[in-house]
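The data below hold one chain only, encoded as structure tokens and taken in the form predicted alone.
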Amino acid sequence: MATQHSRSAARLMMAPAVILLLGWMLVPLVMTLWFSFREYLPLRGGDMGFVGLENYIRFVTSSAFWPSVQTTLVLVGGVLLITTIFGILLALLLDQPMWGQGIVRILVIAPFFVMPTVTALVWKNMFMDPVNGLFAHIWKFFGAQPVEWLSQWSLFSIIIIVAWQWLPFATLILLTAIQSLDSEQLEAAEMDGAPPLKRFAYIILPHLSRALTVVVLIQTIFLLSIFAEIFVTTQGSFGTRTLTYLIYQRVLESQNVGLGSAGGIYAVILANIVAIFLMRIVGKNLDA
């Protein structure tokens, strides 16, 4: 049983790491909040002084703000839909005994460890290129006109690229959850004559509810800040400009740090709204 002295010693040893972590998170946030109330133009005079809520009003009233929020939510929702559905299917498949099962699992999980920039470049040049891409050759083989994915189906293409990268993560979490399922329940249901679909709907899927909520929560946190895939492929054109990319444009292209900082605060607010909503769902599933 821990004594008061041991607890105090533990807090003392953890203090440097906690202080460093808080500083790592709070300093950039405080600086962003500070700049959001100022007109800061690095190449045009520097700090021009306090402007109050002007940056927030300019950013939210911009014609690009609400479309970027909508694009962000569509992107996150599309990726979550693909990764959860195909993650469950892949997890069920990988749970079956097969030859070379370990190698197959490694190959399925491998895309998660590829850098987002490399992933986007591979899909852009090897698969979605309308002239030399794999999809273009398949279309030509069947006598169809190749699709210009990144201009005609731009947002859908980004969703596919990001989902391909995050699918292994969902598969790994869901596969772990499936392997923790008591096999006796499935055997008993099979002996009672329950068909595979009913065994999945009434036994496997409820067992995966907690794993699914964790997958959705973690992926959403990272997907709200997707940037590299858009920068490499479409650079925010053709309806793929998310809130993160809009902030990048305001800061780097217009050289207005104050306006971009206000957008960053809006991004933090959006992320917290989504996180609170998801945490309520996660809490209900974890308490169930």
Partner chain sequence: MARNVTPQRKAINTVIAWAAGLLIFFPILWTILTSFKTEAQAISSPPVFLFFDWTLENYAVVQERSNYMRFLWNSVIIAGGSTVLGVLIAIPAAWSMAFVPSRRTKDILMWMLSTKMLPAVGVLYPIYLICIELGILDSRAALVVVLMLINLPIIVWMLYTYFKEIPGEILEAARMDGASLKAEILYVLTPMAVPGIASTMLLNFILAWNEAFWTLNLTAAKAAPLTAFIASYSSPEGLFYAKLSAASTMAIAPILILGWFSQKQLVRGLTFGAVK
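If you're wondering where the values come from, they're calculated on a predicted model, not measured in any experiment. Positions refer to the first chain, counted from 1. Rigid core: the largest C-alpha set superposing within 1.5 Å between the two forms.
Heads up, the form predicted in complex with the partner chain isn't pictured, but that's what we're talking about next.
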> Any chance 143, 146 and 194 all have a heavy atom within 4.5 Å of the partner chain in the model of the complex?
Replying inline: no
>> Even though the partner isn't displayed, in the model of the complex is residue 152 close enough to the partner chain, meaning a heavy atom within 4.5 Å?
In response: no
> Is the gap between residue 198 and the partner chain in the model of the complex 4.5 Å or less for some heavy atom pair?
Replying inline: no
>> Check residue 100 for me: does it contact the partner chain in the model of the complex (non-hydrogen atoms, 4.5 angstroms)?
In response: yes
> Is residue 59 close enough to touch the partner chain in the model of the complex, meaning at least one heavy atom pair within 4.5 Å?
Replying inline: no
>> Under a 4.5 angstroms heavy atom criterion, identify the one residue in 214, 203, 73, 160 near the partner chain in the model of the complex.
In response: 214
> Even though the chain is shown alone, can you say which residues of 66-105 have a heavy atom within 4.5 Å of the partner chain in the model of the complex?
Replying inline: 90, 93, 95, 96, 97, 98, 99, 100, 103, 104, 105
> Does the C-alpha of residue 265 move 2 Å or more between the shown form and the other one once the rigid core is lined up?
Replying inline: no
